[in-house]
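First comes one chain, alone, set out as structure tokens in the form predicted on its own.
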Amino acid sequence: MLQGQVEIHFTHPDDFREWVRENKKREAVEKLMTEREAVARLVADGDYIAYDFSSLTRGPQAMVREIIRQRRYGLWVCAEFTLHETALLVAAGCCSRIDVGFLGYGNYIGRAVAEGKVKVFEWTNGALASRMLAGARGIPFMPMRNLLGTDGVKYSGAKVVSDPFTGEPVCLVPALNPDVFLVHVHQADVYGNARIFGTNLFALEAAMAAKKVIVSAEEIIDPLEFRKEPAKTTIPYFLVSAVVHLPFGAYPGGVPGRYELDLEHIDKLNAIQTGEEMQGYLQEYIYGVQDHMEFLEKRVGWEKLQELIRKASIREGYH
């Protein structure tokens, strides 16, 4: 048996089921709160945090900034495709380990990894999605083939065993059950029903696999809209722990059909090389504002936001 030599975050399926039975309720209760309340109640030091999309498209950037603002410590972050938000988390001292499919570009994060400021465990995007699917299904692992014959086995926590049906090698990846799943969506209601329009990676699977789910939404709509068209529901309310109304919550990334990403701001992030430059960014854009709305008003500006809306090719037709 060939086995990877890195740390893995693993919860026994029976332990996860017991946690869900004791802590997740089926009643439809209002869960709307501020980002400050959501992080204070649901994100603890040392938690395993996952999100389903990237810095550039529908990433939960406002929630990440709030986690930094509240100075959480020792987080283990899972991201299929991550760019600047992990650099910010590492620079702020919030993140000590990263499970990643693609670590991304930018000068600071590469230096941080080389200097040992954060441990990075390399998976593929497909491997992380398979781990999340196993966690959602309540099984301890998922078989797959795309890590075979690569160094990905050694630098992840995968195992290669003999397939009992064919006798050929097969790769097994362990189930993943995050402590907290952050997801930014197009629409949600106060109970936690959520809609994503367009591509998503593993939003439903991660919501099923996670202990706690924080939904940040561009728009809060009437619960009756979900009852009228239930097929449009991406995540059902009973999986969700908190709902936060955060228009432009993916900024400086974009949300398909709502607003484009701000390339100028992203270039500014990617140009950061030194710890001093990064601390200056953190002070100006995160610590120096009270919340997301003040960030938009004082550091971005409504003129810029309107420009990003105009650049989006599709803005209507969701209802």
Partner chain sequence: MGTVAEFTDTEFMICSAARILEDKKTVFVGWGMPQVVAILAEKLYTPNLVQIFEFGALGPQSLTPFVRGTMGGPSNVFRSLQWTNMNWAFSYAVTGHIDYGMIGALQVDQYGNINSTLLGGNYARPKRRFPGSGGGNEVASLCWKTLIILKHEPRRFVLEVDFLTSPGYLDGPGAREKAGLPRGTGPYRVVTSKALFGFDEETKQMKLVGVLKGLKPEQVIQGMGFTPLVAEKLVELEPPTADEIRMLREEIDPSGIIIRGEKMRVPR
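Residue numbers count along the first chain shown, from 1. Just so it is clear, the model here is predicted, and its values are computed rather than measured.
FYI, the form predicted in complex with its partner chain isn't displayed, but the following is about it.
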Counting only non-hydrogen atoms, which stretch in 242-250, 190-198, 67-75, 86-94 is within 4.5 Å of its partner chain in the predicted bound form?
-> 190-198
Contact label in the predicted bound form: residue 127 to its partner chain, heavy atom within 4.5 Å | yes
Are any of the heavy atoms in residue 20 no more than 4.5 Å from a heavy atom of its partner chain in the predicted bound form?
-> yes
Would residue 263 sit within 4.5 Å of its partner chain in the predicted bound form, counting heavy atoms only?
-> yes
Answer with yes or no whether residue 123 is in contact with its partner chain in the predicted bound form, where contact means some heavy atom within 4.5 Å.
-> yes
Who in 41-58 is close to its partner chain in the predicted bound form, meaning a heavy atom within 4.5 Å?
-> 53, 54, 56, 57
